[in-house]
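What follows is a single chain, given as structure tokens, in the form predicted on its own.
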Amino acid sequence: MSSERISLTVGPVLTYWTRQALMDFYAGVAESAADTVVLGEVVCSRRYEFKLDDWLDLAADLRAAGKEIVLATQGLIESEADLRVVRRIAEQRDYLVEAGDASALAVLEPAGVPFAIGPHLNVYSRAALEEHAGFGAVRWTAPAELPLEAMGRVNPAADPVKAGETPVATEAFGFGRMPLAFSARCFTARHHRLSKDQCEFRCQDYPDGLLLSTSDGKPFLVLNGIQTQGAAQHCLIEQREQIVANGVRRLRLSPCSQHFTTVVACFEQVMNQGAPAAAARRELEAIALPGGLANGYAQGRAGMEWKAA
């Protein structure tokens, strides 16, 4: 086993939680083995529990607890008000910024500051990653559906893309319900026959999203406001060897409403402490995470499939 640490990143909370739920969640993250925490509202600007100043206060607290902080911008910018938030995030210099979409790039690149590429910017080739590195990207979170081998071809360990003299780091989506798509429509509101602007914040009724099943009752997708996710929990707990071989040195763990500290502990034990992956996978299965486990995309298969190591 390579002694090189696989850094663990807690991704942004994608679903709509109460303020108290967020505070409790991040208190647990502060005590966890996570190296990096990505903060911010990335799905819907109507989610008011935390405003930017609240995220910045939380960032200061988590940095004091030893975590690297990244501030994320929304995955779909829909208004001038959304853009103003992006500009405010880009203007601060305390934390690295993760670009959620091309409009964030348009703000960050002229500012001449380093930034991270979020998973929705659709970087699928080395040429695209090199172009973004030329704009100032120092870190890349691969799209969730990209197989590990493809990540290795885009940014190989032996010949990484560089931002100046610094290799661009590759982060893979390692755990959680995969964020697959955004739409200008809010599907949660439509499910309740409400308009998007008068949604009554129904997303808060679904702390892990609204499950969508097939006609024969199999879990398929999850509706999360304007975002669509996969129903299963994408999980790379058994793929450490592939992860290292393909130049990935960071794993993103996407929050779930229950048992997330157990998830972080399992990944830390397997990725960095030499614990057996099969035992950790059984522990994750035992805590009954919503949707069960899958790793198909990482293996070049259907996303909802599980392929044993």
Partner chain sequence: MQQPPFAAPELVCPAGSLRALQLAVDAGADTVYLGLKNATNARNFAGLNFDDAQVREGIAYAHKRGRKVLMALNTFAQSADVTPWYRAVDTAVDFGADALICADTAVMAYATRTHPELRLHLSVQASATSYEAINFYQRHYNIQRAVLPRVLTLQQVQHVLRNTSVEIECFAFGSLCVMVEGRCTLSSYATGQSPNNVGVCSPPSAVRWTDTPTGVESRLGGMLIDHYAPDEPRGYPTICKGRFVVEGKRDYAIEEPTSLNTLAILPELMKMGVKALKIEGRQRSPAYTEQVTKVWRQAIDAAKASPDRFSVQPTWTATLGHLAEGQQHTLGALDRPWR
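Residue numbers count along the first chain shown, from 1. Since we're looking at a predicted model, the values are computed, not measured. Whichever C-alpha set is largest while still superposing within 1.5 Å between the two forms counts as the rigid core.
Just so you know, the form predicted together with the partner chain exists too; it's not on screen, but the next bit is about it.
S.K.: Exactly one residue in 71, 235, 231, 161 has a non-hydrogen atom within 4.5 Å of the partner chain in the predicted bound form; which is it?
M.R.: Only one listed residue qualifies here, and that residue is 231.
S.K.: Which residue among 223, 169, 113, 85 has a heavy atom within 4.5 angstroms of the partner chain in the predicted bound form?
M.R.: Residue within 4.5 Å of the partner: 223.
S.K.: Mind checking whether each of 107, 127 and 153 has a heavy atom within 4.5 Å of the partner chain in the predicted bound form?
M.R.: The answer is yes: all three residues contact the partner (heavy atom, 4.5 Å cut-off).
S.K.: Against the partner chain in the predicted bound form, would residue 135 count as a contact residue? Criterion: heavy atoms within 4.5 Å.
M.R.: Output for residue 135 is yes: heavy atoms within 4.5 Å of the partner chain.
S.K.: Do residue 94 and the partner chain come within 4.5 Å of each other in the predicted bound form, heavy atoms counted?
M.R.: Result no; residue 94 lies far from the partner chain in the predicted bound form.
S.K.: So in the predicted bound form, does residue 19 come within 4.5 Å of the partner chain, heavy atom to heavy atom?
M.R.: No.
S.K.: Residue-level contact is defined here as any heavy atom of the residue lying within 4.5 Å of the partner chain in the predicted bound form; does residue 131 satisfy this criterion?
M.R.: It does: once the partner chain is placed as it appears in the predicted bound form, residue 131 has a heavy atom within 4.5 Å of it.
S.K.: For the stretch 204-222, return the residues whose heavy atoms include at least one within 4.5 Å of the partner chain in the predicted bound form, in the order they occur.
M.R.: Going through 204-222 in order - heavy atoms within 4.5 Å of the partner chain in the predicted bound form - the hits are 206, 210, 211, 212, 213, 214, 215, 216, 218, 219, 220, 221.
S.K.: Taking the rigid core as the reference frame, is the Cα of residue 296 displaced by 2 Å or more between the shown form and the other one?
M.R.: No: residue 296 shifts by under 2 Å between the shown form and the other one.
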